[in-house]
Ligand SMILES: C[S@@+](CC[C@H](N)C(=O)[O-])C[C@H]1O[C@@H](n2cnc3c(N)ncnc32)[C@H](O)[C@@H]1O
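To begin, one chain is listed below as structure tokens, in the form predicted alone.
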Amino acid sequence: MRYLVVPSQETEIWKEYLDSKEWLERKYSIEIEGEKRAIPLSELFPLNLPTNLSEFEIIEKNAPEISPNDYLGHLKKEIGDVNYNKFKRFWPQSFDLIGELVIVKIEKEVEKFTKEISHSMISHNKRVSRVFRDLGVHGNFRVRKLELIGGSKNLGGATKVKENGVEFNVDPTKGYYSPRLATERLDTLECAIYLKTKLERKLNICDPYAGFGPALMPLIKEKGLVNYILANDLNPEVTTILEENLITNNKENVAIEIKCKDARKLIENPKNIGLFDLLLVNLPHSTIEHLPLLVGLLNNNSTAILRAWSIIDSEKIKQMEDDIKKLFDSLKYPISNIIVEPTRSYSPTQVYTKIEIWTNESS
């Protein structure tokens, strides 16, 4: 590798000059050469030193090794160009980074490189301690079946995440958590703050499918926002972690009740009927099916908000909106505003859809 050696105080001048001529090799950094600086030269730099640079010295030295800028770069180094290019279209292009964990789907065509894929991911991100292969959803609690393919075998799936300024624990081997919904959860906080201002009092909030509590964490952190929270999840292993998270982050001493039961049975407790100003329903594959037994939890004497998420066929969005309006009408809840909005694709025919409904809102 050729370098042009220049006085240190003139480094920027000659760097810009070389760049203007396409003679600067941008892949490498400028090196210290005694009291001078060595600027890396591209292959376009002339073999014979140009007249205006004749006072400077050209040296040959080994360029420092460039660290790959993604895991694929590490993988390419590990398995070689031939194997990398042969299977190029099968390498995982996206994955979930959850705290210290990576969760990745691996196509069967590249299964034999599982070890190399995991090693490359750990090499690229020093924060990652474990890599799990996603084998799909299974069981009554719709938990992802995860196979440890890299990293420590003694740590299990537990990890700590930081989202929207709050730290809490999750374990994807026991329950569902997606970092991709962080923005939606921040929107929920903004909705809640607006609603509190409108009602001029603290809110009662219910999350019937709370999981590890990611939607609730920023709410209980917000000063003066929440009066009471009912957090529920059907999975007992998840509920244990949910309780730990809520207790740890409850700096505002919010009244919190945690249940582990079928969310559709919450309405059977008379004190829950019409109690909640904000109702969160995040059970994407069953939201619409469960709504008839959840809407009655909403306060019907003042403005209340339902925020829900559902996976539906893209062609059925309008039909779903009409069905929701009919449901609220049948339960005597006047809708002030309804938003049914696809947020991202889930499959070639289905979309992940946000549902937001405001009731009893006066102008």
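Start at 1 and count along the sequence shown; that's the residue number. Note that the coordinates shown come from a computational prediction; the quantities given were computed from them, not determined experimentally.
The next section is about a form of this same protein that is not shown, the form predicted in complex with this ligand.
Heavy atoms within 4.5 Å of this ligand in the predicted bound form are found in exactly one of 97-105, 145-153, 277-285, 191-199, that being 277-285. Although the partner is absent from this view, A210 contacts this ligand in the predicted bound form, with a non-hydrogen atom inside 4.5 angstroms. Mapping the unseen interface onto this chain, F141 counts among the residues with a heavy atom inside 4.5 Å of this ligand in the predicted bound form. Taking non-hydrogen atoms only, H290 approaches this ligand to within 4.5 angstroms in the predicted bound form. Contact check for R264: a non-hydrogen atom falls within 4.5 Å of this ligand in the predicted bound form. The contact with this ligand in the predicted bound form, taken as any heavy atom within 4.5 Å, belongs to R185 out of H74, K221, R185, R133. Residue L234 is the only one of A255, L234, I273, I258 with a heavy atom lying within 4.5 Å of this ligand in the predicted bound form.
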